[in-house]
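This document opens with one chain alone, in structure tokens, the form predicted on its own.
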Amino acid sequence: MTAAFSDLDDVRTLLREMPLADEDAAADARARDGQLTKPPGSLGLLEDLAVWYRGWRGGARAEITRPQIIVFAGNHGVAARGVSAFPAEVTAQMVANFQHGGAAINQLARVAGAKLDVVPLELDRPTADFTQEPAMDVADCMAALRAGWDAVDAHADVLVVGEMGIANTTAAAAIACALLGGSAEDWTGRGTGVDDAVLRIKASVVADGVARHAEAGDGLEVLRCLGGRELAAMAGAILRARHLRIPVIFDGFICSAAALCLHHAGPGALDHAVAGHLSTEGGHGRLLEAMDKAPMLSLGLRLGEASGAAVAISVLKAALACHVGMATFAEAGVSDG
């Protein structure tokens, strides 16, 4: 199905018309969990994940057999301001690495049994410098949202989205600052490992961008003005997954900033999503708290590429394996007290 929207108002309509979780399926999952051969609550987050997943997928024997990982790549005009430790051409070079199987995400996707799709987005045409003008005009933003929407496999049973794009931690910091407040320094981290001098430049760029687009409005307009094509594509994919009732695991700081734009524009827009991990990028924890998302993992990662969320697929599989495969007290002939 090709994206059936042509402007941001159409996207807002899709945010108002999102399907809800199946409460009967979730209630059945909670009831089964209470009968399994374990003390109540002893599997912690694994129990919550199983109930959440079944609420979106239904079925008494829910399992993950067709996970999809999508890595979107885009280039940013603000890279020319010297905000990254790497030049902009690294984006295309890393895309080639993904396509040839040489990146971390390739290995993690293989371990998780996931299909990996890589979607480069006009890498030869960076977004505009958002300190001077909106990063994307409406047409560019819509094209990126549609690319994300169209990249989702309708047969997937869990979706992970991630990104590659030199300078995209700058865009993510600007989005977080614009939507959640605070100073640019509060949200600006070291990204690819910049030194103190570059960190000061980066914070200044974030502050300038947020000030220029202070009247941007809702999360979708902030995404257009301060984001990038890969961030818009991740938002489009997350929205498409909601309409297909596909649970989503989102990745680190940049992916979370894209998700924040949906959260701001449509309350409840991320009910079908969980946070895969907590990255070491300074503002990520506060960003997750603002969306009421507790990270599944904390591994000290700051790579992007959907890497942390890819690892989290195995945690979700483990949750469902216990939920489905464990015997009940009655089946096992064990006294439940």
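All values derive from a computational prediction rather than experimental measurement. Don't overthink the numbering: it's just position in the shown sequence, from 1.
Below: the form predicted together with a further copy of the same chain, not depicted.
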Original post:
Which pick from Gly217, Gly182, Pro87, Gly113 sits with a heavy atom within 4.5 Å of a further copy of the same chain in the predicted bound form?
Top reply: Pro87
**OP:** Have a look at Ala290, Leu278, Leu46, Ala26 for me and say which one sits with a heavy atom within 4.5 Å of a further copy of the same chain in the predicted bound form.
**Re:** Leu46
Original post:
Thr37 near a further copy of the same chain in the predicted bound form, any heavy atom under 4.5 Å?
Top reply: yes
**OP:** Evaluate Leu14 for contact with a further copy of the same chain in the predicted bound form, applying a 4.5 angstroms cut-off between non-hydrogen atoms, and reply yes or no.
**Re:** no
**OP:** Report yes if any heavy atom of Leu301 sits within 4.5 Å of a heavy atom of a further copy of the same chain in the predicted bound form; otherwise report no.
**Re:** yes
Subject >> Contact label in the predicted bound form: Asp7 to a further copy of the same chain, heavy atom within 4.5 Å >> reply: no
**OP:** Have a look at 87-95, 168-176, 202-210, 125-133 and name the one stretch with heavy atoms inside 4.5 Å of a further copy of the same chain in the predicted bound form.
**Re:** 87-95
Original post:
Using a 4.5 Å cut-off on heavy atoms, which residues of 94-133 contact a further copy of the same chain in the predicted bound form?
Top reply: Met94, Asn97, Gly101, Gly102, Ala103, Ala104, Gln107, Leu108, Arg110, Val111
